[in-house]
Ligand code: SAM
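Just one chain follows, in the form predicted alone, and it is written as structure tokens.
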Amino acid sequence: MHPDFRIQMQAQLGAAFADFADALTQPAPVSIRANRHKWTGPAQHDGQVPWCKNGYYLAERPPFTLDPLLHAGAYYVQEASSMSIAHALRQLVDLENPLLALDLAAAPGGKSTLLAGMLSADSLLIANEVIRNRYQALRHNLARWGLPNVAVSQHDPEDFAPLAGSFDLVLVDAPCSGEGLFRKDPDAQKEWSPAQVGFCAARQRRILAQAAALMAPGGVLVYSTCTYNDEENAANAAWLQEVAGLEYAPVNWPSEWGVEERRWGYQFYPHRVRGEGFYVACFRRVGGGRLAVGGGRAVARGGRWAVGSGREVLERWLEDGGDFGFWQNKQGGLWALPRAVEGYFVEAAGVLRRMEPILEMGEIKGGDLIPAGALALSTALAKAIPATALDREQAIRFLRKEDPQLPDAPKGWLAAQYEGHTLGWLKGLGNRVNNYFPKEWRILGRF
């Protein structure tokens, strides 16, 4: 433990420091969050996460990479403390209303999938990540989750400036010094220093300034970190009130949960909760006006709404195809988005060049659709699409992008399913099948 970190935590915790230090030597809890749009949850678990009704602890860490249900988007492996955002949102946001929501630093997607699962079907979530390799991981995880009222973008936070005053909910899970992950990631301890804390705090304020400007009147901003120090947490919360002009929004936490209330925000400590270190504080914007930007610019920047015979082909692949609009880029790729959120999307697309709906349909060739992997994973997929069941061994072969042996498979496109959950596409050719699982998603190595 870095001497300066020890001094910091001794000052913060006093007599409880010994319990805290001991907790860091214990194995980290293992937790998952079920996707209730696909799965009811594990039959066996080691208790429920108290602040998230879909969260479960596991007695030990299984080989998640070899679980087809993970690849089908039935659940997300997420640290339990970070699921606490669900509890805050239920108190502060009317989730039954249509909302425009933004996860500004979203990769790898844990909190974005949580938000998507809580929002109404006529809300739109924009999940943003500026770093390219992290953006690809975000896209994959949201495609697995399968909810169609989501768009992904790859932009610096300052690129959102023309959308000032537009968002009902903004989440900033800020890049931080990572003190709360020392137990899970020993390398994080080696990289920690007071100078890094100061650097992170300054970067967080730059992101928060941009995020605060995006809030609609009455909108809520959720700020979170996986760290303990006041410079990144309480000081930034105070700054949001004094400089950004936001109103602090308290959250009620049952005392038996062990969440510690700070002057501003709430701290999770590993010696008090069954989870890692986490900080969350919520704010509301009062006053101001909502800015409406012209959505027509989206069409001029490289996309168009698909019409005519193309629409008829696409609608057949979705359970309620008539409730969707279809977006096509210059390369011929096609995406679907619920009509209920088209207005939100077109408004944002007028500003954000690198944004697309998460529900990629594929590409039409010869009057037929070559379906994308994301379509197979979507909750909007038509139930009438032919499917073939795979056992676990066959499913693992499929996820490695090997052709499973299915000599009796019918011809044509087939949804490859494991325990009723779709993993991707096979195409029956009569005497064999071809595997259309995306190459970039395949399981690598041997286990």
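Residues carry their position along the shown sequence, with the first being 1. Predicted, not measured: the structure shown is a model, and the values here were computed from it.
Although it is not shown, the form predicted in complex with the named molecule is what the next lines describe.
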Original post:
Closest heavy atom of K111 to the named molecule in the predicted complex, within 4.5 Å or not?
Top reply: yes
Subject >> Residue contact check: L318 to the named molecule in the predicted complex, 4.5 Å heavy atom >> reply: no
Original post:
Is the gap between A106 and the named molecule in the predicted complex 4.5 Å or less for some heavy atom pair?
Top reply: yes
Original post:
Hey, in the predicted complex, does E129 get a heavy atom within 4.5 angstroms of the named molecule?
Top reply: yes
Subject >> One stretch from 343 to 351, 357 to 365, 184 to 192, 199 to 207 that, in the predicted complex, holds residues within 4.5 Å of the named molecule by heavy atom >> reply: 199 to 207
**OP:** Please pick, from A174, M215, A72, V150, the one residue with any non-hydrogen atom lying within 4.5 angstroms of the named molecule in the predicted complex.
**Re:** A174
Subject >> Heavy atom within 4.5 Å of the named molecule in the predicted complex - the one residue of R262, R284, R272, R134 that qualifies >> reply: R134
